[in-house]
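Before any questions on how it binds or moves, here is one chain, the form predicted on its own, in structure tokens.
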Amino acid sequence: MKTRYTFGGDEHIFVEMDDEMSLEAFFKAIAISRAVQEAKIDGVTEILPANASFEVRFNPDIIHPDTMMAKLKELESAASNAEPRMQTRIIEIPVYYQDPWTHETVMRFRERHQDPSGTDLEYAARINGYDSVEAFIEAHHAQPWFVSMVGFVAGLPFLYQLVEREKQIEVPKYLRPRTDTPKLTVGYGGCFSCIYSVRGAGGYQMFGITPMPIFDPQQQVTYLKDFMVFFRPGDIVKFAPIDRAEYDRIVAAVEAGTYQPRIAEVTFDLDAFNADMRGTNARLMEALHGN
């Protein structure tokens, strides 16, 4: 992987690790962006991590763009020996698959879809070689996911499944974006799953919905009182299928201020994961259920 540095106008530098998403590219990007943060460079105003890249915003009246570029390249060299390991958390996210709200939206926008004759889940199952929607849903929730970035709209996580590359689910986005997507829809586009933090337009396939808010600008949700955005890059997510009764129970608990997500603190080691993916995932999920 050869890092590419490009200027974005007068105030931004975009640093791209690779053309495609990989955990190796993510860990390299996060190591350099953390080094930038720790360096406390005078003039840097924002550091924006992404899937396999990051962007730095700076004040050119304080630091010259060429000087900023040189400092970033120096920090890349210093960060290149960083161990691909991080302290993070694994979070259980309940999902009501095949719910009535995303289904209604799915059917309302069929003319924008690759296969207007079926549902998003039916299409995704078929093109990924699964015999049934149920088998596809199991593949979606059986192994954990890595939050590689948060963005597009406030609080929306991009999730990369922790499985062998040849086993990753891949589903194209809609041919034309929808003008509506229910809040907290669990979607899929390319190799990424996501959770729509707010209601709005979107082009990802829709698989279900979670009752767990992940963005609250008023910070009234109990577990969002410290910060309005729930996810951060490096989080690990385990989807947990639920039925309508459990969905309603969690919605009521959120409204009553008694709901708390299931979370465990863990260490994620990329080398250990690459050496034994299934074993690493099993240990992550054991930590979650033992918490």
Partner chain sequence: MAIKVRKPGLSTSIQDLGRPGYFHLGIPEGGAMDRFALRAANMLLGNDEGAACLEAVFMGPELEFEADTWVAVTGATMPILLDGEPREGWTAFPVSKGQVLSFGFLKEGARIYIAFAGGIDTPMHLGSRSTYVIGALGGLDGRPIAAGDTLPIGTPGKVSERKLDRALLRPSQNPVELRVLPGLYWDRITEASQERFFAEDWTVAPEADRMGYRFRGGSPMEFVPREQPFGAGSDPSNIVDGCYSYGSIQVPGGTEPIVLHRDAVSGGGYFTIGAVISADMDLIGQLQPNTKVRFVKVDMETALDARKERKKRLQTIRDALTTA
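Quantities reported herein were computed from a predicted structural model and do not represent experimental measurements. Positions refer to the first chain, counted from 1.
Below: the form predicted in complex with its partner chain, not depicted.
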Close approach of residue 65 to its partner chain in the model of the complex, 4.5 Å, heavy atom:
yes
Taking any heavy atom pair closer than or equal to 4.5 Å as contact, tell me whether residue 170 reaches its partner chain in the model of the complex.
yes
Any non-hydrogen atom of residue 60 within 4.5 angstroms of its partner chain in the model of the complex:
yes
Just checking whether residue 198 would be counted as a contact of its partner chain in the model of the complex - the rule being heavy atoms within 4.5 angstroms.
yes
All of 8, 149 and 192 with a heavy atom within 4.5 Å of its partner chain in the model of the complex:
yes
I need the one stretch from 132-140, 156-164, 72-80, 99-107 whose residues put non-hydrogen atoms within 4.5 angstroms of its partner chain in the model of the complex.
156-164
Going by heavy atoms, what in 198-232 lies within 4.5 angstroms of its partner chain in the model of the complex?
198, 204, 215, 217, 218, 227, 228, 229, 231
